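The chain below stands alone, shown as structure tokens; this is the form predicted on its own.
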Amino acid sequence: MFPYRPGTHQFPYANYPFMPGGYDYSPYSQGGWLGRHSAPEADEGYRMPAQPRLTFVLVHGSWADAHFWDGVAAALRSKGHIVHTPEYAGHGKDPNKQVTHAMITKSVVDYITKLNLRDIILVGHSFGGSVIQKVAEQIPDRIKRLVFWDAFVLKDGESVADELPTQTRQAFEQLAASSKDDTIMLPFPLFRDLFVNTATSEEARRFYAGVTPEPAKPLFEKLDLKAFYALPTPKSYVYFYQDNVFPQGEGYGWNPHMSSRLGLFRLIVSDGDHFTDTRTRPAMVAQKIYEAGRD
């Protein structure tokens, strides 16, 4: 996430320290991206071996909907896992963008309790990290492990916006103020370089066709997370080191800046960016999520 300046776009982090390796319209619907590229050659090396069955609940992030998980969910199910991808308020087919973080959290809690899901691996991506923090407070007895994938782990009393660089936060405030419904729409240059930086130009355009405006209010709400930090629930963090959403300097970034807040946690690392690999290498993403969630 980086401030948008109309008419200009430059690589935002000149000193980026590379880490070495080691929606009614949906681009994933029938005939869309998933339909045409469900088994890319680049994913063949991540055929997962037989695995003990787990139950995953996958929570997407901002500028996405539950279809974000289609390829990953299919890969997990192919190995016998049970996978749920709940949609939350203000996203997907919900036309109401005047939602709160509590409404989003309630959507996921209600989904889990209505289906009486237990012993789940609750996974949050990006903004979804803040969601699973609040979900875990409400139904800790149903959760076997929390998995954060390049996701926010907010401190008590913080908002998502509090973790953004100042210029980024100001840009988001301006984009929301200029919208008709208090939403933020990512300009394509930012989406391309920060969210899908490893994608080809053609892929980036195709992915961007499924991006919709994000309700602004939940990003700026400060969250009481005292109960979360008292939970004994096991936790994991999945870190993709080509993820360029945040500057990688001191005080920012996913790992260790966010992940270290979990206390004792399992760390799973891979290459990949914030968005692309769920489309081009879904079996790889599924394998990393499985490694984070297994016993």
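The shown structure was predicted, so the numbers you read here are calculated from the model rather than taken from an experiment. In case it trips you up, residue 1 is the first one in the sequence shown, and so on.
In what follows, reference is made to the form predicted together with a further copy of the same chain, a form of this protein that is not presented.
**Student:** Test of understanding: in the predicted bound form, would Gln248 fall inside 4.5 Å of a further copy of the same chain by heavy atoms?
**Tutor:** The answer is yes: Gln248 has a heavy atom within 4.5 Å of a further copy of the same chain.
**Student:** With the cut-off set at 4.5 Å between non-hydrogen atoms, does Asn197 touch a further copy of the same chain in the predicted bound form?
**Tutor:** Within the cut-off, so yes.
**Student:** Can you work out whether Asp156 and a further copy of the same chain are in contact in the predicted bound form, taking contact to mean some heavy atom pair no more than 4.5 Å apart?
**Tutor:** Judged by the heavy-atom cut-off of 4.5 Å, Asp156 is well away from a further copy of the same chain in the predicted bound form.
**Student:** Just to confirm, Thr113 within 4.5 Å of a further copy of the same chain in the predicted bound form by heavy atoms?
**Tutor:** Close contact is absent here: in the predicted bound form, Thr113 is far from a further copy of the same chain, nothing within 4.5 Å, heavy atoms only.
**Student:** Which of these residues, His84, Arg142, Lys106, Arg145, gets a heavy atom within 4.5 Å of a further copy of the same chain in the predicted bound form?
**Tutor:** Exactly one listed residue reaches within 4.5 Å, namely Arg145.
**Student:** Does each of Leu190, Asn244 and Phe265 have at least one heavy atom within 4.5 Å of a further copy of the same chain in the predicted bound form?
**Tutor:** Yes: each residue has a heavy atom within 4.5 Å of the partner.
**Student:** If contact means any heavy atom within 4.5 Å, which of 199-207, 71-79, 85-93, 171-179 contacts a further copy of the same chain in the predicted bound form?
**Tutor:** Among the candidates, contact is made by 199-207.
**Student:** Does anything in 146-180 come within 4.5 Å of a further copy of the same chain in the predicted bound form by heavy atoms, and if so which residues, in order?
**Tutor:** Contacts from 146-180: just Gln167.
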